[in-house]
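This document starts with one chain, in the form predicted on its own, laid out as C-alpha cells.
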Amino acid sequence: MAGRGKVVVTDFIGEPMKDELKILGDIADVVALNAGCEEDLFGRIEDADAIMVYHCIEVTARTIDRLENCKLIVRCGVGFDNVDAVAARKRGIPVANVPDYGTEEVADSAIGLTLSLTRGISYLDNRLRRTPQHEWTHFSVRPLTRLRGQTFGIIGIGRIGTAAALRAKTLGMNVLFYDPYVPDGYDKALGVRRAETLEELLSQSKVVSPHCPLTDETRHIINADTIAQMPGGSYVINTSRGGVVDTTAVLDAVTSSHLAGAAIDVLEQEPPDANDPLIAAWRNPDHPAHDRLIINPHAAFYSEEGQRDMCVKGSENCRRVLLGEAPRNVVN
C-alpha cells in the first residue's frame, strides 16, 4: 500500500476509538464523523479508502457515487439494509457485515423478552407500580400457561436464530423454524422441527420471533394477515430489524387481545416519532395494550464484549483491504 490510508467511521462510535487505532493506526488515519444523517457525510467522506458504518444513518447511492478511493464499506453489525449494497457493487465496492458480533446477546434478549411476557413479569410489575393499592395477587395476569411444551416459532435459522432455538429448547419449548433458504438437515442437527410454510409455523406458535434480515421478501412479514394466522393469546418478539414487523398491526392485535403481548426492540424509525401509535399506547397507562407491550431502544445487540467485537472485526476487515487482501463476509 502506497502511503497512509484513510478509514472513516460514519456514526455511533466516536473518540477515543482505541481498538480502531490499535488495529489500523500504523497504516491509516481513522476519523470518526459522528454523523446524525447522511447529509453530515457530505464533503467529509469522499476520499476514504474504507468506511465503517453502524446503524444510526443510511448510506445511499448519493454518498456511494461520490467515493473516490473506497475499497470496502463495512456495516458493523448483522443487518445491512441501511447501506445501498447494489449501488456499491455497481461501483465495484464490496460491502461486508459483521455477522457474528452479537449472536449471544440478541438471542439472550429474545428469550428474556419471551420470559418477561409469557410469565407476566412485566405486566405485573407495571400494574403494581402504577396502582400500589391494586390487589396483591396474580389474578390480573390470568390465564398464564406453562411454557414447557409450548411452541417457539423462529423465522430465519441463521446464527442468531440457531442460538435462540438452543435457548428455547433448554426451557422445554418445542422449537419450530421457517427458513426456505437453509438446506435440509438443520432440523435434525439442532433437534428442532422445520415448517414447510410460514402459515404452518404461525398456526402452531405460542411465540413468534423473527431472526431474519430485512429484504423485500421479509419486509412486514409479520403483518395483520400473518398475525391473524397465529393462535389467540400468542406473542410476537422482534429483535431482528424494525421493518420485519408491522407495529401498527401488532398494536391492533394486542389491543384486541388476539395477541397476549409483544416485545419490540427494533423499529422502522429510530428514535420513533412521539406520535407513533405503538409508542403512544406504550406510554399511556390507560391504553388497553399498555401493560402488554415492552419496547427497548435497539439494545438487544449490546454488551461491552459485543460492542467491542463490532469495532474490532470491522477494523480488521478494513485492514485486510488496505493491505491488498480480500475482505471477509462480503454481502453484495
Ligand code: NAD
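Predicted, not measured: the structure shown is a model, and the values here were computed from it. Only the largest set of C-alpha atoms that superpose within 1.5 Å between the two forms is called the rigid core. Numbers for residues come from their place in the sequence shown, where the first is 1.
Only in words, not in the display: the form predicted together with the named molecule, which the text now covers.
Though the named molecule is absent from this view, in the predicted complex it lies within 4.5 Å of a heavy atom of just one residue from Ala195, Ile111, Val78, Leu117, which is Val78. Between the options Gly172, Gly92, Gly191, Pro180, the residue in contact with the named molecule in the predicted complex by a heavy atom within 4.5 angstroms is Pro180. Remark: all three candidate residues (Tyr101, Gly156 and His211) come within 4.5 Å of the named molecule in the predicted complex, counting heavy atoms only. This chain is displayed without the named molecule, yet in the predicted complex the stretch 262-270 from 33-41, 262-270, 61-69, 285-293 comes within 4.5 Å of it by heavy atoms. The named molecule in the predicted complex comes within 4.5 Å of a heavy atom belonging to Phe301. The shortest heavy atom separation between Asp125 and the named molecule in the predicted complex exceeds 4.5 Å.
When contacts are judged by a 4.5 Å heavy atom cut-off, Thr218 counts as touching the named molecule in the predicted complex. With a 4.5 Å cutoff on heavy atoms, Ser205 does not count as touching the named molecule in the predicted complex; it lies far away. With contact defined as any non-hydrogen atom lying within 4.5 angstroms of the named molecule in the predicted complex, the contacting residues in 228-259 are Thr239, Ser240, Arg241, given in sequence order. In the core-superposed comparison between the shown form and the other one, the C-alpha atom of Arg292 has shifted by less than 2 angstroms. Taking 2 Å as the criterion, Tyr178 does not count as shifted between the shown form and the other one: its C-alpha moves by less than this amount when the rigid core is aligned.
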